[in-house]
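Let's start with one chain on its own, the form predicted on its own, as structure tokens.
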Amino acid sequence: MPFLLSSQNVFEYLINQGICSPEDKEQSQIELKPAKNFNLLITLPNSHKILIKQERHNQEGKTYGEFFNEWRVHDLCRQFPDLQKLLPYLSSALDFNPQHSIIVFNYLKNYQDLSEFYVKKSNFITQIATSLGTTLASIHKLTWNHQDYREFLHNYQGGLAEEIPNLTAGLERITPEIFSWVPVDGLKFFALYQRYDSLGKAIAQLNHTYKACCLTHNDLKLNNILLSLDWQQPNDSIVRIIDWENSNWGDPASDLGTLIGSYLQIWLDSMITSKTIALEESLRLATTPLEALQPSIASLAIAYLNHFPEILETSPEFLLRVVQFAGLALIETIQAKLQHQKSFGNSGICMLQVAKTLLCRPEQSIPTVFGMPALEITHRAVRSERVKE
């Protein structure tokens, strides 16, 4: 039984959960939404839509419990009045069945996938990045150093995963088992990675300085962000952050760095690569040049620091660590492609070289990533704060 619900029995489930009435069944439409899980989109007679996500069951009838963290974040915001203001920035969860790992959402039909928006428009509008930076900073700032929130998550129905992650997971010493799942091309990645001793040391140091101090998403990529269809209109929540399945009490630099890494991936995925073209030339020939992304990346960071300036007071090296986490995000992208696509070609080699620079030389990388030095980023954030006051 890989999935519990199908188009034949989903309404019986929704009726039993008190989400729909029997009268809704005949006039509603059911649509399969492509995803790693068997997702069902239900359009009710009043045009309201709900999305049902469920995990695949293994041969023993068990799941990994991916949706536990997602529901826990929503419950956190509902339990504490000060955090209820964050709900418009999240997905809209209605119901969770932990026994069968089924979660039901209000479908946000007035939103679109931000990554798809960028692909279609090829226009990286700074207003969107500014709103995203403010939204992320709001989540981090409102939960920052609140022991009661941390304890709620830690004690929630069985406890919290380790707050300090192993950032070198999957990058340790090569063992014979690796040959059973990594293709020949993939072995090139591990050979290159282990050739750079400074890269492993940089990741280990980043792990050592990891500062778990607020609620973090831990998979903050552009495809986990929704953009309002009315984003051009004045609105406090033109973006929503979804898919909180990996959320934890973690390091805010990790979220911001991963997001910046997702922007950089647009540039790196557009490179023209060949064995006969040097790395610098491949980067220069990218169809989406870094210069097109820098204003949005800078606006993202400036808005974040403008809304959450306290982070620099306690972590003066915050921007350096953000850049390092951006590099780590690129390495994780390479690992994901190895796992799912079993490939590591010239584009992967270029991405690894860029990741190495970000991790090992973050201070020198800041002007390249943001299009301006660190001092200007912080000064612009301070000026924005003064104008706001």
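All values derive from a computational prediction rather than experimental measurement. Numbering starts at 1 and runs along the sequence shown.
We do not show the form predicted in complex with a small molecule, though everything after this point is about it.
Contact check for residue 151: every heavy atom lies farther than 4.5 Å from the small molecule in the predicted bound form. Taking the partner from elsewhere, residue 352 is found to have every heavy atom lying beyond 4.5 Å of the small molecule in the predicted bound form. In the predicted bound form, none of the heavy atoms of residue 288 sits within 4.5 Å of a heavy atom of the small molecule.
Put simply, residue 226 is close to the small molecule in the predicted bound form: some heavy atom of it is within 4.5 Å. Just one listed stretch, out of 305 to 313, 217 to 225, 200 to 208, 122 to 130, contacts the small molecule in the predicted bound form at the 4.5 Å heavy atom level, and that stretch is 217 to 225. Though the small molecule is absent from this view, in the predicted bound form it lies within 4.5 Å of a heavy atom of just one residue from 107, 89, 117, 189, which is 107. Between the small molecule and the residues 337, 53, 356, 321, the one pair within 4.5 Å by heavy atoms in the predicted bound form involves 53.
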